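Quick setup: one chain, the form predicted alone, written in structure tokens, and binding and motion questions come after.
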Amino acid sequence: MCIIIRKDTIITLAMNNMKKLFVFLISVFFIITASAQVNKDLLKRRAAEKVSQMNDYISFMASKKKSVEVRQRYRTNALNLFIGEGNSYEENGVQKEGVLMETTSVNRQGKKNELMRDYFTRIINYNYNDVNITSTGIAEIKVSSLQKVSDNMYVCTCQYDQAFVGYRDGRPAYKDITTKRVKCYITVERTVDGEEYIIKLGDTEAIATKRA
């Protein structure tokens, strides 16, 4: 028996197969794109979580309700969140003494930079009966777009508000709200189990301060 396949039938079958292949490739493209976006969203969320953790430690360090020993432990924990753990480090071939905290006050003009380790010590030793420091929650922290600086490292910034109240004799003696922005370094390491994200914090900029 002789089977005759018409030329137009072969063309139709070929076109159908090409359409299926095209749809398959488009689907793969969107899956890969979506996966990459999810990873970026995850990295940004992890950065915000790290900044929120830092802010919690700052709040604990400031509270006079805790002993000095406990607050010193929070200081150590907080410094471990930063690149160089608050000590000297190298960036782009430049040796730096340590990460910086930019500070402002409604009682003075201009801004000052101090080493993060000194800033944390000053928080513990504030000359107030008590200090209450609260900051923006994770969901409200504004994370910038990720910038790729090497094959496995990204940087971004996290912006948040920090409210400060210093008490004397049970009454607020000083209050302000400062908008701050901290640099975040995100290293992506490939392991046998997938990807591991190492996030370290860097210099913190004081954008604006107002009376609370």
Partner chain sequence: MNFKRLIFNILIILMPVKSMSQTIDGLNNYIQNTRVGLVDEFIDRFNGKISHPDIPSTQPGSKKTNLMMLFDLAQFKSKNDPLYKEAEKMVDIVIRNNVKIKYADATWTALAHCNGTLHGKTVKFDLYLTVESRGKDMYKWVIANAKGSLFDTTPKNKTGNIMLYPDDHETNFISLHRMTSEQSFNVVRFMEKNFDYDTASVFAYLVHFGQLKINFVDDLEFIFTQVPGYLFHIRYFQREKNNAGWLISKFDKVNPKEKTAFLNSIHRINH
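Note that the coordinates shown come from a computational prediction; the quantities given were computed from them, not determined experimentally. Positions refer to the first chain, counted from 1.
Although it is not shown, the form predicted together with the partner chain is what the next lines describe.
*Asks:* At 4.5 Å by heavy atoms, is each residue in 76, 87 and 95 next to the partner chain in the predicted complex?
*Replies:* Not a single residue of the candidate spot has a heavy atom within 4.5 Å of the partner chain in the predicted complex.
*Asks:* Under a 4.5 Å heavy atom criterion, is residue 160 part of the interface with the partner chain in the predicted complex?
*Replies:* Yes, contact at 4.5 Å.
*Asks:* Report yes if any heavy atom of residue 122 sits within 4.5 Å of a heavy atom of the partner chain in the predicted complex; otherwise report no.
*Replies:* No, residue 122 stays farther than 4.5 Å from the partner chain in the predicted complex.
*Asks:* Hey, in the predicted complex, is residue 184 touching the partner chain, heavy atoms inside 4.5 Å?
*Replies:* Judged by the heavy-atom cut-off of 4.5 Å, residue 184 is well away from the partner chain in the predicted complex.
*Asks:* With a cut-off of 4.5 Å between heavy atoms, is residue 102 one of the residues that contacts the partner chain in the predicted complex?
*Replies:* Yes - in the predicted complex, heavy atoms of residue 102 and the partner chain come within 4.5 Å of each other.
*Asks:* Just one of 53, 39, 144, 63 has a heavy atom within 4.5 angstroms of the partner chain in the predicted complex, so which one?
*Replies:* Only one listed residue qualifies here, and that residue is 144.
*Asks:* Residue by residue through 134-150, which ones have a non-hydrogen atom no more than 4.5 angstroms from the partner chain in the predicted complex?
*Replies:* The stretch 134-150, when checked against the partner chain in the predicted complex, contributes 134, 135, 136, 140, 141, 142, 143, 144, 145, 147, 148, 149, 150 at the 4.5 Å heavy-atom cut-off.
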